[in-house]
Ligand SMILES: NC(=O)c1ccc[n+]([C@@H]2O[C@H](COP(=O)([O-])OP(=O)(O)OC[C@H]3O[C@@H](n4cnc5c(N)ncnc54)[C@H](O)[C@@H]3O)[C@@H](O)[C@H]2O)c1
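Just one chain is shown here, as structure tokens, and it is the form predicted alone.
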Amino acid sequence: MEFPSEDIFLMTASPVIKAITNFKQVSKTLEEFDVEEQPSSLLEKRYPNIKVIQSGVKQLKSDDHKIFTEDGKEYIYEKLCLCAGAKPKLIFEGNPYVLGIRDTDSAQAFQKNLAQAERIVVVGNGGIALELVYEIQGCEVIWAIKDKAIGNTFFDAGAAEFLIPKLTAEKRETPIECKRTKYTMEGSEEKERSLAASDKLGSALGPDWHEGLHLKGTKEFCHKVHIEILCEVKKIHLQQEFIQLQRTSSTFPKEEKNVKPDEVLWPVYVELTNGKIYGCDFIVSATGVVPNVKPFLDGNNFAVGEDGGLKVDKHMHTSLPDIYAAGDICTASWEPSPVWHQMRLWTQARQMGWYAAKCMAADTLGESIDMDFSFELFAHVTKFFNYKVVVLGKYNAQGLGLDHELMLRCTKGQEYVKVVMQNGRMMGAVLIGETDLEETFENLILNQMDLSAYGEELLNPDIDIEDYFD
């Protein structure tokens, strides 16, 4: 808290704020933490000069340095940081059978619907889709992905093959206990729910958002997932429209080859670009996010990136004076380090927010500031299918062209290690399982040491690689 005498306003449409708890610095660039919802009064108690204003923003007048809130008030700012995140990119807007998942509110709506569901269709191939498909039990899942392999944002086909057996395993191991408490508003919860209807933006999901949600459909204990690859949703038909089409829909694909037409009538039907039609109870659209810039663009001449975010320079300034942006709403427009790229993840949102605050403070005091170290190397740790997953640098050879090679080491059901090499130097890595290689690889990517002499031995499990490179 560098400015205890200044008034600081935090504007949020949500009654709770997201706090980072159980923070652990795993290595120089890797961080692990939980995201917890807390009452905003906790923040105000800790820092008396922070006032939390619970209202959405209606308009920004950057020329006048003014913000207008939905409850009809106006606020003048000296410096403003926009951290409004992103909203789910729905495959079809305004269809009651299509649920978008990106935040805690939508996860709760999803859980309510799932309790009655016998079959759902999940569309999307990022982190949330992966988690959902793995966690859902007692319900048939048709998973439609536009790629060849699952988890395309994080993995390649090899890693997908490594993980697939976990989807079909009948016996589920008990997940490792995840300590995270949740804060709910007593009494006001139902009222908040109706206000926080799907068009209102909740706060984004933390890394272990499905903990504490009972993701079970109506059929007890079955883990049935069928993946349709290389396809997208062409059309969604309501029951009545489907009957008029006079087409047949497919049953859930079983082992036997002869797929019979589906005799059940479903509330909604999904027609895929590969020609198949599946009936289901509802569709989950887990197809990524778009920066939530809409409330701020009107009447303000922001420079906007290709992905729709507000462009920020290396000090997190937008193109307008005294306005900064951080997290999912912004597009990093500086010349990045060769092994860092932007990805709309919790880890980056936290780093950007922290760094933006430092930049705002430095500007106010007229000081100069160096780029934060967290932007040197892309580093993210998460959990998929109960495996620890670490991704470092250009882990999928992003932007490296054809001029790179991959080295792999895989122990079925235990670990999967992939490194991306270019001109003898390590550029990225994917580590699944308890490999204990993250710090060593992080150092090798950061110091760009020439490793050509080691060749394949680099991944030899009998050699303790850490001894070489400490």
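Just count from 1 along the sequence shown to find any residue number. Treat the numbers as computed from the prediction; the structure is a model and nothing was measured.
The same protein has a further form, the form predicted in complex with this ligand, not shown here; the description that follows concerns it.
Within 4.5 Å of this ligand in the predicted bound form, a heavy atom is found for not a single one of A159, Y387 and G428. Interface membership of G124, defined by any non-hydrogen atom within 4.5 Å of this ligand in the predicted bound form, is confirmed. For L377, no non-hydrogen atom is located within 4.5 Å of this ligand in the predicted bound form, even though that partner is not displayed. Contact check for Y269: every heavy atom lies farther than 4.5 Å from this ligand in the predicted bound form.
In the predicted bound form, at least one heavy atom of F154 sits within 4.5 Å of this ligand. Residues placing heavy atoms within 4.5 Å of this ligand in the predicted bound form fall in a single listed stretch, namely 344 to 352, out of 275 to 283, 302 to 310, 236 to 244, 344 to 352. Between the options E93, D322, D71, E232, the residue in contact with this ligand in the predicted bound form by a heavy atom within 4.5 angstroms is E232. Comment: this ligand is not present in this chain, but in the predicted bound form one of K79, K89, K166, K358 has a heavy atom within 4.5 Å of it, namely K89. Along 284 to 315, a non-hydrogen atom within 4.5 Å of this ligand in the predicted bound form is carried by A286, T287, G288, V289, in order along the sequence.
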